[in-house]
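Just one chain is shown here, as structure tokens, and it is the form predicted on its own.
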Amino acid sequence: MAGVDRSLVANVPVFAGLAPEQIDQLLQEAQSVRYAKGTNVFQQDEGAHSFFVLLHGRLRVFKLTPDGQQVVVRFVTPGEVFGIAMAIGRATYPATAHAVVDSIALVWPSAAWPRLAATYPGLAVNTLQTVGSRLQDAHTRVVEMSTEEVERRVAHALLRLARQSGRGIEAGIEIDFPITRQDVAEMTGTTLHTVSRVLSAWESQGLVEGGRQRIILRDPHKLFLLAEGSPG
């Protein structure tokens, strides 16, 4: 594939263990596609025509429930493989992937997946590990939503985002992409009003700092204690 250097995917987990020439061959079959901020890469229940690796940007993955509620499943960060419906035996995408900022992804046709997985067993193994990790994360979140008070759920969500996309700054750890209180509500199975109340209280205590689509964790250790249910 012209224009994509192998060095751009050197640290992409799905390519781990593949020989340089194998990565080159995979890149030759991909297209590099730009997705403007605010556009969808694909939509829930759409035919799964492609699978992707995010090179640059951030994506919000969300599901609509039958009664129209929006649930944020996760955020996709650079280096992640996504849209791998074919690898888990689905003909359609289970959720919508939305570009939070201008983003660039490598795109392969889903029809090529069986051949690529057979030709490059490492690709299939790495993809399966990714699916397993996301399933484990989903189980953790289900338990949190079933058993934990809302403050603990919000603390867990912020710490999870900080681990994925945190950037150290003088004031603490900034989640380095636009995120709203509504996003946090949809990640934690609660309401915007409740999340606003929790974050406002934490702001007054100096635990977090917020702004328009911006969250800084000023005291990550105290948030960790809250998430674990410790009085600190």
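Numbering starts at 1 and runs along the sequence shown. From a predicted model like this one, the values you see are computed outputs, not experimental measurements.
Just so you know, the form predicted in complex with another copy of the chain exists too; it's not on screen, but the next bit is about it.
### Message
Just to be sure I understand the contacts: of Lys63, Arg167, Arg197, Arg34, which is the one whose heavy atoms reach within 4.5 angstroms of another copy of the chain in the model of the complex?
### Response
Selected option: Lys63.
#### Entry: another copy of the chain in the model of the complex: contacting segment from 88-96, 103-111, 158-166, 75-83, heavy atom within 4.5 Å
Selected range: 88-96.
### Message
Please tell me whether the candidate spot formed by Leu8, Ala19 and Ile23 is one where all three residues come within 4.5 Å of another copy of the chain in the model of the complex (heavy atoms).
### Response
None of them does, since no heavy atom lies within 4.5 Å of the partner.
### Message
Taking another copy of the chain as it sits in the model of the complex, is Arg115 near enough to touch it, meaning that at least one heavy atom pair lies within 4.5 angstroms?
### Response
Result no; Arg115 lies far from another copy of the chain in the model of the complex.
### Task
Evaluate Gly172 for contact with another copy of the chain in the model of the complex, applying a 4.5 angstroms cut-off between non-hydrogen atoms, and reply yes or no.
No, Gly172 sits far enough from another copy of the chain in the model of the complex that none of its heavy atoms falls within 4.5 Å.
### Query
Does another copy of the chain come within 4.5 Å of any heavy atom of Gln69 in the model of the complex?
The answer is yes: Gln69 has a heavy atom within 4.5 Å of another copy of the chain.
### Message
Residue-level question: is Gly57 within 4.5 Å of another copy of the chain in the model of the complex, judged on heavy atoms?
### Response
Answer no; every heavy atom of Gly57 is more than 4.5 Å from another copy of the chain in the model of the complex.
#### Entry: Stretch 188-222 - residues with a heavy atom within 4.5 Å of another copy of the chain in the model of the complex
Contacts from 188-222: just Gly189.
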